[in-house]
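Here you get one chain, nothing else, as structure tokens; it is the form predicted alone.
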């Protein structure tokens, strides 16, 4: 087994465990979701537009809420994720709701081998690329799975955020992708006190690496935006400044917290 595959297996075990805590959490509000609430946020909804009748590949879909939200909007959706438990749960929700989404267990780099065909839209959102060592390989997967004229819709946390320690007191990590970041952390973003203490492996990716990799894969940038808030309360020391928008306490409005982009093949 290669070192990269060892890292992926560490993260797969972690996300299998996280899934057990996430599915019943207040953070993901499964009760509201099952009643019809969408899990999609304003930045990605603005870029997605009308998806009725569109084929969508959702990379790193976790346990499928966003994929199923897209299916409710009339899209034909395939979701992929590295976690066995997350994919199994996504399939169950899909069946319970009577939707027709497809879910495939695969790490992102293996998607071209595990998922047939090309798509009108490839989609990813929030906490995606930090689990991957090589942005060019990610970009190549996106390009391979898009039809000519297809769109890549992406919303992600800002790379500046990943430079800081977990209390956002000072920089603690390189902005650039120089090495794997191997940590053992307590809890998860839905519950900091959750009974999870497992290794995880991540990588930071600068804007230059992200954009140039996608351009080199043959995509053209049509839209790019940055935001001074996060649409989830998933970071330490945040305050809700308006409904569904969190900023860093004491630095309200000062830090870029997320970005969105649309690119076309």
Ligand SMILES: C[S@@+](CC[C@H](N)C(=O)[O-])C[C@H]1O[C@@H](n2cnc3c(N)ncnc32)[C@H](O)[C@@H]1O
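Nothing here was measured: the structure is a model prediction, and the numbers come from that model. Residue numbers count along the first chain shown, from 1.
Omitted from view is the form predicted together with the named molecule, to which the following refers.
The named molecule is not shown here, but in the model of the complex it comes within 4.5 Å of a heavy atom of residue 127. Put simply, residue 188 is far from the named molecule in the model of the complex: not one heavy atom of it is within 4.5 Å. Looking at residue 140, you'd find every heavy atom of it more than 4.5 angstroms from the named molecule in the model of the complex. Although the partner is absent from this view, residue 56 stays clear of the named molecule in the model of the complex, with no non-hydrogen atom inside 4.5 angstroms. Note on the partner interface in the model of the complex: the residue among 71, 82, 146, 93 having a heavy atom within 4.5 angstroms of the named molecule is 82.
Heavy atoms within 4.5 Å of the named molecule in the model of the complex are found in one stretch of 119 to 127, 93 to 101, 71 to 79, 179 to 187, which is 119 to 127. For the partner-free chain shown, 60, 61 of 29 to 61 come within 4.5 angstroms of the named molecule in the model of the complex, judged by any non-hydrogen atom.
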